[in-house]
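Presented below, as structure tokens, is a lone chain in the form predicted alone.
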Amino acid sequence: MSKTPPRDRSRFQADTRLVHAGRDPSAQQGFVNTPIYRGSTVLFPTYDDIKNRRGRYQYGTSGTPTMDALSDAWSEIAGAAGTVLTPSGLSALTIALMAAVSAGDHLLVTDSAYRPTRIFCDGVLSRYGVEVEYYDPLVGTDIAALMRENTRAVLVEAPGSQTFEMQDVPAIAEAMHARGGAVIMDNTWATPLLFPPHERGVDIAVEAGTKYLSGGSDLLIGLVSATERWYPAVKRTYEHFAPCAGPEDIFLGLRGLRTMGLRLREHGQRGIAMAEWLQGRPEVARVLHPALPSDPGHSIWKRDFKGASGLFGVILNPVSEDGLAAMLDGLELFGMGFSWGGFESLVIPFDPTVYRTATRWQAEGPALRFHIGLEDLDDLKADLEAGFARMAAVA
């Protein structure tokens, strides 16, 4: 199958590019969407072709037109030299990290990182000779003082997982690049639509497409995009492991891509509205949302980000565990589950004290992470009001 050269869509706005990126109806008999190519074996027409490995597709793990459609589209949206697709967000993070560090290297990881990332760093990278050091996510330009001769990469996440600290990514990138190392970012909260990672100095950006790319809570997929300098290392590491995303999941990712901009705006607007409402509740000590002017990281968010997603945190005033359980167990519209980015609203309790090592987490009371879905805001508020009433009754 011949591949039409990519068109320059840089003059178009993001929503237009989301609709058209990665699609070439002329290459599939006029059908709008790239079909699902499912298979392992690729046949070569001649002895000379197979001997010289001639042809774009040689085996199922090396790519299919379905894989190319999403990876090409994501590279265009992210402003990257290339993208690889993996079966989950965590697998994407592992590929990114292994592409950047080797035995004997020093890796800096934000203390606010996604906890499974920490588990991989401590349980796998450390076992294979990578020295992992966690740092205060608010370190900013002072991160240069933590760097050593063998520091090869720094992992950032903005805002931080669960605790929502804002990192000064451009400043950290400037310090890391002065030493020739790589900046890796988990950009799942914002996606490239709200935070263009490679424009801000990130070398390797990781997304859990499970979240906002999907939008339906029905798929697991990860994406790793990289700059021209770092994409060869990412691609090579990917080929060493061949962690292929399933063809049906890629197809669902492509479908979700077309409406991601619209959904993300709705999630963001509803999330800010709910955060402001919760900020005024007597049960709430503070809200962790960088888009709120009262948030300590608001100025960085306003400078570097184009919007907000629907994920944020809340610190309650002191309450018993029984009271918290009464609130959460009776919710009708907020489900309790360890993901986000779908059409449904979610809430989970969290406690960073069990895993943070470089910083001390101090909170007035229990912490909750909310994802605001696409339900009516008045219905969501009523659900939480009833939950607060149950909590008060127990207290």
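These numbers come from a predicted model, not from an experiment. Residue numbers here begin at 1 and follow the sequence given.
One more form of this protein should be noted, the form predicted in complex with a small molecule, which is absent from this view; the next part is about it.
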{"item": "Stretch from 233-241, 249-257, 220-228, 125-133 whose residues place a heavy atom within 4.5 Å of the small molecule in the model of the complex", "value": "220-228"}
{"item": "Site check His267, Phe370 and Ile372: each within 4.5 Å of the small molecule in the model of the complex by heavy atom", "value": "no"}
{"item": "Contact assignment for the small molecule in the model of the complex, among Gln167, Thr188, Ser309, Thr110, heavy atom within 4.5 Å", "value": "Thr188"}
{"item": "Selected contact from Leu138, Leu90, Ala273, Ala325, since only one has a non-hydrogen atom within 4.5 angstroms of the small molecule in the model of the complex", "value": "Leu90"}
{"item": "The small molecule contact in the model of the complex: Ala208, any heavy atom under 4.5 Å", "value": "yes"}
{"item": "Contact flag, Asp203 vs the small molecule in the model of the complex, heavy atom cut 4.5 Å", "value": "no"}
{"item": "Partner proximity in the model of the complex: Phe120 to the small molecule, non-hydrogen atom cutoff 4.5 Å", "value": "no"}
{"item": "Proximity of Phe195 to the small molecule in the model of the complex, heavy atoms at 4.5 Å", "value": "no"}
